[in-house]
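Encoded as structure tokens, the following chain is the form predicted alone, with no partner shown.
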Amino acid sequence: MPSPLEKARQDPNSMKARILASARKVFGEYGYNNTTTRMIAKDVGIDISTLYYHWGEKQDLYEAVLEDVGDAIQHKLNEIERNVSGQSLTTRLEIALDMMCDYLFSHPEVPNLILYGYFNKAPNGVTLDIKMTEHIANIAVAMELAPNKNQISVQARARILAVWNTVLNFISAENFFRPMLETDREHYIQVVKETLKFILVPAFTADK
């Protein structure tokens, strides 16, 4: 029998899908501890009983949101890998940063959910940790920091985390950083991409 998440994906216009989309947004804005199912139900425009009927308890919905986010990140990484295949390391990095920034700026709840997971205690150990380990392995191989996904050094993992956390913070902290730069959103996104490339591309290609 399909899970509620699978059903939501099969029919993006269904009530399950609408609730999931709102849950991603609300959990991403307030975190698990400060979000209630009533807040999500209000955002969708339904009563609380309808939410429980489709998704069960708050933790069930949160787990589905994290699984959905983890799968979406992996899908984007796979897309990036297809786009950079056969290119030089410099080109791969530039394309990867552009595509990942575009995706995350368009889905700000994703970096927010990841950062909330870092700094706030999740219910019963529900986190993105396992997915993130897989993502780091895929990125390390794509960037030629490791020969395969089973041979990734601590140094390579740390370098990937440095890139990942820099990107997440630029996006999650946009409302804090952008006024400091005194610029509009479109220019901010452009500057973030340029800055990431300025710092990260030389760092990753220096010994190549």
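Keep in mind that what you see is a predicted model, and the values were worked out from it rather than measured. All residue numbers refer to positions in the sequence shown, first residue = 1.
Another form exists, predicted in complex with the DNA; not displayed. Remarks below refer to it.
Colleague: Only one of Gln155, Gln151, Ser49, Asn175 has a non-hydrogen atom within 4.5 angstroms of the DNA in the model of the complex; which is it?
Modeller: Contact check passes for Ser49.
Colleague: Given that the partner is absent here, does Tyr53 sit within 4.5 Å of the DNA in the model of the complex, heavy atoms only?
Modeller: Looking in the model of the complex, residue contacts with the DNA include Tyr53, since a heavy atom lies within 4.5 Å.
Colleague: Given that the partner is absent here, does Glu67 sit within 4.5 Å of the DNA in the model of the complex, heavy atoms only?
Modeller: Result no; Glu67 lies far from the DNA in the model of the complex.
Colleague: I'd like to know if Lys42 sits close to the DNA in the model of the complex, meaning any non-hydrogen atom pair within 4.5 angstroms.
Modeller: Close contact is absent here: in the model of the complex, Lys42 is far from the DNA, nothing within 4.5 Å, heavy atoms only.
Colleague: Answer with yes or no whether Glu57 is in contact with the DNA in the model of the complex, where contact means some heavy atom within 4.5 Å.
Modeller: Taking the distances in the model of the complex, the answer for Glu57 is yes, it comes within 4.5 Å of the DNA.
Colleague: Name the stretch: of 141-149, 177-185, 28-36, 161-169, exactly one has residues whose heavy atoms fall within 4.5 Å of the DNA in the model of the complex.
Modeller: Within 4.5 Å of the partner lies stretch 28-36.
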